[in-house]
Ligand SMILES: Nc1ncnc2c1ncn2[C@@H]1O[C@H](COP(=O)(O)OP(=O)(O)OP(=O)(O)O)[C@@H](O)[C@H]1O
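Only one chain is shown below, in structure tokens, and it's the form predicted on its own.
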Amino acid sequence: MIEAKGLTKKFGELTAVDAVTFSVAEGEVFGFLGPNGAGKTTTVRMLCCLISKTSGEARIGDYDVSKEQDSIKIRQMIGVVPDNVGLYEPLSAYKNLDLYGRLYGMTEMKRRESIQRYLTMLGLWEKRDVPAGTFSKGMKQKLAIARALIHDPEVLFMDEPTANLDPESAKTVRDFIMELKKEKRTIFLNSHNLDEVEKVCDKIAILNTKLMATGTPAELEGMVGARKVMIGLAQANGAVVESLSKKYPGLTASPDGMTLTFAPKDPEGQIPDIVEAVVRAGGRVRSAAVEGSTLEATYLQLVRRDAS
């Protein structure tokens, strides 16, 4: 649905986005992760045909972002939640959405249905006649999301959708993204919030002007080091290690014999089997957990390595 090949943007001598290549499948939630100034917003603006690229290629669906006629088609098929919401503050929430629905050529019935649907989903229906300028930051952000979806776009771009929001408003926005995910919408999510990206995204790219890495959350976590299953025993039992060492190569025990460390290919998925095997071997399990590399560890290592 979205494809970039060697996408580059320069502002004079400054290279804001450097030969970035990635693809986003239809129905995928794609997280674009990176520090402030990494080029995330610039990339989105190129993909949305708001600024021109310096070099490289980019397509949305069957359309080329660099072709004028295609850019019109792209604008019709995407929705954008910008980093600055930019609402018409004197207008009510309802009239803001109705205005954008008219600009997209929607019929009155379709506008009415979509406005009620999204304002209700985002908890704003009771505030539909209230001027947007009186809304809190969280309410304005939710209204901006509804505006981006009013014409039922195929692709939704969200630029830092929970930035500067209080925890309750941020959770509401994340929950709404999960609802959109269930509808199999293609979502391109710009963020530097690792926890947010890890929870909602199918695939993640780490950007710092250049693309540092791309993969599923699990694949990125595995780049730093393997995750391991840690089994805490109620009491030391050397026979357990001896019994399971052939089935689980690399099994080790702590010096006091109270903690067993396993290195399976699928740590989370194999915890039940490992616990069952330990019990059958005569061990009494006190705790079980997955430890090791995290998305945060991968992110920090890649960003710091690039900065050095």
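If you're wondering where the values come from, they're calculated on a predicted model, not measured in any experiment. Quick note: we count residues from 1 along the sequence shown, nothing fancier.
Another form exists, predicted together with the ligand; not displayed. Remarks below refer to it.
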Please check if Q270 has a heavy atom lying within 4.5 Å of any heavy atom of the ligand in the predicted complex. no
Tell me, yes or no, whether A38 is in contact with the ligand in the predicted complex, where a contact means a heavy atom of each within 4.5 Å. yes
D98, heavy atom within 4.5 angstroms of the ligand in the predicted complex: no
Determine whether any heavy atom of T42 comes within 4.5 Å of a heavy atom of the ligand in the predicted complex, and answer yes or no. yes
Among the candidates R174, H192, K73, R128, the residue which, in the predicted complex, approaches the ligand to within 4.5 Å (heavy atoms): H192
If we take heavy atoms and a 4.5 Å cut-off, which stretch out of 249-257, 60-68, 28-36, 278-286 is in contact with the ligand in the predicted complex? 28-36
Quick one: in the predicted complex, does every one of F11, A16 and E160 get a heavy atom within 4.5 Å of the ligand? yes
